[in-house]
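Just one chain is shown here, as structure tokens, and it is the form predicted on its own.
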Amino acid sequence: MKNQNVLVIGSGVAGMEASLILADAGMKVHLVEKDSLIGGQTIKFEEVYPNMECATCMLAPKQQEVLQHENITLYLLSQVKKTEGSAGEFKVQIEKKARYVSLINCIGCGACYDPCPVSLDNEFEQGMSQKKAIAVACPGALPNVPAIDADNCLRLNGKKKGCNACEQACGFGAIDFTEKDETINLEVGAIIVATGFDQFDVSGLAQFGYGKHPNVYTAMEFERLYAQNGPTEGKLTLREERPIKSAGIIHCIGRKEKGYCSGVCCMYSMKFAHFIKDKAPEAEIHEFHTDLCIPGKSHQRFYEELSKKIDFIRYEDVEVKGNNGNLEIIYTHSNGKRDSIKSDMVILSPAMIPSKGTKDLAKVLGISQDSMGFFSTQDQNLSPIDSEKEGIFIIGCAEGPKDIPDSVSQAEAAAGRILSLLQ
């Protein structure tokens, strides 16, 4: 009989959906997540298009189900380091980093944060806020239990061996400096890869002024700026705390360099315009695009309503210049005419790219990547979730750029294929 345990790599929207379907069907799911919390990139969003649903309200019930399901074993701060075997009988080795905080004893009170003497840039908040060496990524993170950054903890990195500030502050005995990294060996019948995406690094494109002009933001920075649990608690202002009177949103950043359209950037760029109009109704907004990708009936309605309030400008070339905090977007029309618009804020919408570690994981799993760096599948039309190795399935943005509904559809498809394969 084939092993009916399943390994799911990545706990974003797609990974959670696949895990819950399989677990509800009675299969034992081993869910591996490299971060200290679950939810993937979507938990960084305040709302999701086109109906502007609250992202946290949508995801929190799924997250709680994953955390509480008796058929799901969750491995946080973990990565798959070795696999061998074939469909129905894979052997997997996982390396799990120590958290140094008990998931059982911690109640998430946060009393351990302030006493910690180490402050760091919070990568979850795109460096727009600080965190301590013991911290949760953001308010509302699930599980709501901090982790200690061993590289920066003064006690764990040996710079101050006697430091136990967090341990003294905890009244529940949740801090455990004796915890060690673990190596876990599993046997599973099938593997789902749901490792999500990252965003193209815009810092190398000097023409957009990112890093030079303080009010040029990336898409993910703006997501966190607007979020109620973000670094400004949803207060939408410029870095020097001036109100926003105008904004330019530039699509297709990195499309030329990467050689593909991500397919979702137009919609999330329009979502940003909606956000700004929500907080600053009088603001003048321009959306700069090369093409517009607006699939689906609900997306089209969203675009039509928004186009009554903002200007869409098609460009051939664009650059951002600044002087004393004032920004100017200089662009070339399709007819070759040059023009410019002054703007308080510029938001860059970068291409979606494979998540960090994709190349290494492909080698571990013995599967290939496509020309864009995402995991390859057998056939984009007829086998869009099947890797070239039987029993390993690729879903969500691990397979290529896509939105939430398409990611969920692939999760459901992979779960169905596995149930058929193993049962």
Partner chain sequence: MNKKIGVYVCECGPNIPERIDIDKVIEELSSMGEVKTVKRYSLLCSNDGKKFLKEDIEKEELTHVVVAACSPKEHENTFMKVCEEAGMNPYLFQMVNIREQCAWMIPDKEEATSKAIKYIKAGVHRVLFHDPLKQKELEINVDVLVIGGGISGIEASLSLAGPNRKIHLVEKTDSLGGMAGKLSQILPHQGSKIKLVKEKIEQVENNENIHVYTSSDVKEVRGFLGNFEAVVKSNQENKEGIEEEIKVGAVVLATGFEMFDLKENPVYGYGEIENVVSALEFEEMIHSEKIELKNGKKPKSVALVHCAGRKEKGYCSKVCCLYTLKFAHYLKDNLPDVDVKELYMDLCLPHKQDQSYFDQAKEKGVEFIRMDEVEKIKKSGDKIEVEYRNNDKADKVSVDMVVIAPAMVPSQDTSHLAELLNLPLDKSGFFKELHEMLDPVATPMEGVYITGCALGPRNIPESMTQSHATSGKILSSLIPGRKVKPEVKVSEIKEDLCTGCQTCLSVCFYGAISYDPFKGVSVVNEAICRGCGSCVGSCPSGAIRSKHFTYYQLYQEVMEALR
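Positions refer to the first chain, counted from 1. Quick caveat, the model's predicted, so the values are computed rather than measured.
There is another form of this protein, the form predicted together with the partner chain, and it is not shown here; the text below is about that form.
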Students should find that, of Gln168, Thr73, Thr290, Ser102, the residue having a non-hydrogen atom no more than 4.5 angstroms from the partner chain in the predicted complex is Thr290
Any non-hydrogen atom of Phe177 within 4.5 angstroms of the partner chain in the predicted complex: no
Check whether Gly259 has any heavy atom within 4.5 Å of a heavy atom of the partner chain in the predicted complex, and answer yes or no. yes
Would you please decide whether Asn335 lies within 4.5 angstroms of the partner chain in the predicted complex, comparing each non-hydrogen atom pair? yes
Taking 4.5 angstroms as the cut-off for heavy atoms, does Arg301 touch the partner chain in the predicted complex? yes
Just one of 118-126, 320-328, 182-190, 105-113 has residues with a heavy atom within 4.5 Å of the partner chain in the predicted complex, so point it out. 105-113
Suppose contact means a heavy atom within 4.5 Å; in the predicted complex, does that hold for all of Val13, Pro295 and Gln410 with the partner chain? yes
Taking only heavy atoms into account, state which residues of 12-34 are within 4.5 Å of the partner chain in the predicted complex, ordered by sequence. Val13, Glu17, Ile21, Asp24, Ala25, Gly26
